[in-house]
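Read the single chain below, which is given as structure tokens and is the form predicted on its own.
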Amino acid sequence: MTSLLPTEDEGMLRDMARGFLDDSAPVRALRENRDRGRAWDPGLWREMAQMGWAGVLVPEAAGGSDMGHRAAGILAEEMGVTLAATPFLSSAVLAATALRGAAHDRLAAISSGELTYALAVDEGAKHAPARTAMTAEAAGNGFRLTGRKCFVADGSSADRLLVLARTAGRPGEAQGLTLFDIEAGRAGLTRQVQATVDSRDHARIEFAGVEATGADVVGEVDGGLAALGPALNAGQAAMAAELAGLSTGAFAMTAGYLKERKQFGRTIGAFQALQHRAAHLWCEIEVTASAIANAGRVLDDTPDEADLAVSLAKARAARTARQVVSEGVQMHGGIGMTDDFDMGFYMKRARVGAEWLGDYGYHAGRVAQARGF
């Protein structure tokens, strides 16, 4: 049985990441980015790339550090603790996994931080790749992409897009989908910023006869989900890890408040009812952390068998984050959702992160299916 205990290298990675993020990307940086009208700090991303974070899943032959999915999860967790806003999930995890083994020049640019990606897959309110209706009609030796994608994380700032479009079949069919890798400035492509409560970069993207060639195809024509599947698993596991880190950060803030706030001449943490609620949250966070670690191990060791582990991690992380931030806001009282206080930012990010790449219902359904229900 694979051990879920951290290795010495993983412990060192976590300590290094925590120290760097505490200094360079505290929660107040999210507010500063929002107030300056930018989704993330390019300077911070360059520093992360120099430390090898942007290339965590890029092969060494392409200039990456190739530390693996468990390492990517550790970095995502620590970013969740401080709500660090970066294109890490979109570029270093989703795009790097989808392009791994191909397009080495672009992998090298991802690893160096020079190139950022966004995944344009969903078209409705819920994550449902097979329901893709956007068309990629054959045109000469290439294709013309027509349709709309919504809720594209890092969509307005990305240099390139991974786009899932239908080359055959009907919406709802898994076959007939093709994954394209195109630059964001291509003619016929327009991007509109889509406001979300977490103050991150999301966009709605319109494709009006955007031309693509065979060289833009990732994997096989009509086999886009086979090419995209490993990337989705990697992204879902990393998003789950970020939610786990978010839960840790929000819980630490709540526990600190319980030790400081006084009522009736005593700190409110001395009241047994609040102690029980805090203990319950701690237990949920620890169990979720094990699910996150397991998903990373499975992705590293047996990626073809990772669906169950990944969906279990994402479902648990979404539920735990919701519990922790809800309790955190309640225990803080009225200040919990004020803009001057950080707890509200944790709640807002938890809401968006729980929906992106599949909500609790989507992943609970995958777990049930994998277990034969």
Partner chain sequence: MSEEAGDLERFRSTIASWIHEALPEDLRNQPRTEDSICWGGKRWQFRSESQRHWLERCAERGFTAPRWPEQYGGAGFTRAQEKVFREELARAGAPTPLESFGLWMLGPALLAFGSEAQKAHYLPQITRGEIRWCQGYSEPGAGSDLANVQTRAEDRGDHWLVNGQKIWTSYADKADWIFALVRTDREAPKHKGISFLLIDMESEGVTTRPIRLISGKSPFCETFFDNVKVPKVDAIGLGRVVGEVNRGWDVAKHLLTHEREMIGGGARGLLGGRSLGDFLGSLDEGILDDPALRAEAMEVEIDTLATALTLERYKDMSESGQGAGHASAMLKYMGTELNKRRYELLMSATGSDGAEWDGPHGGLAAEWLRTKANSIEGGTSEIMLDILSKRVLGLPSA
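Residue numbers count along the first chain shown, from 1. Note that this is a predicted model, so its numbers are computed, not measured.
The discussion below concerns the form predicted together with the partner chain, not included here.
Novice: At 4.5 angstroms, heavy atoms only, are I335, T338 and A350 all close to the partner chain in the predicted complex?
Specialist: The answer is no: none of the three residues contacts the partner (heavy atom, 4.5 Å cut-off).
Novice: Is it the case that M16, even though its partner is missing from this view, gets within 4.5 Å of the partner chain in the predicted complex, heavy atoms only?
Specialist: Result no; M16 lies far from the partner chain in the predicted complex.
Novice: Any of the heavy atoms of L115 lying within 4.5 Å of the partner chain in the predicted complex?
Specialist: L115 lies outside the contact set for the partner chain.
Novice: Please determine whether Q272 contacts the partner chain in the predicted complex, using a 4.5 Å cut-off between heavy atoms.
Specialist: Flag for Q272 set to yes.
Novice: Residue-level question: is F143 within 4.5 Å of the partner chain in the predicted complex, judged on heavy atoms?
Specialist: Contact with the partner chain, no.
Novice: Can you check 191-199, 205-213, 287-295, 164-172 and let me know which stretch has heavy atoms within 4.5 Å of the partner chain in the predicted complex?
Specialist: Selected range: 287-295.
Novice: Can you work out which of A85, L232, L258, V152 has a heavy atom no more than 4.5 Å from the partner chain in the predicted complex?
Specialist: Contact with the partner chain in the predicted complex is made by L258 alone.
Novice: Within 4.5 Å of the partner chain in the predicted complex, counting any non-hydrogen atom, which residues from 311-343 show up?
Specialist: L312, A315, R316, R319, in sequence order.
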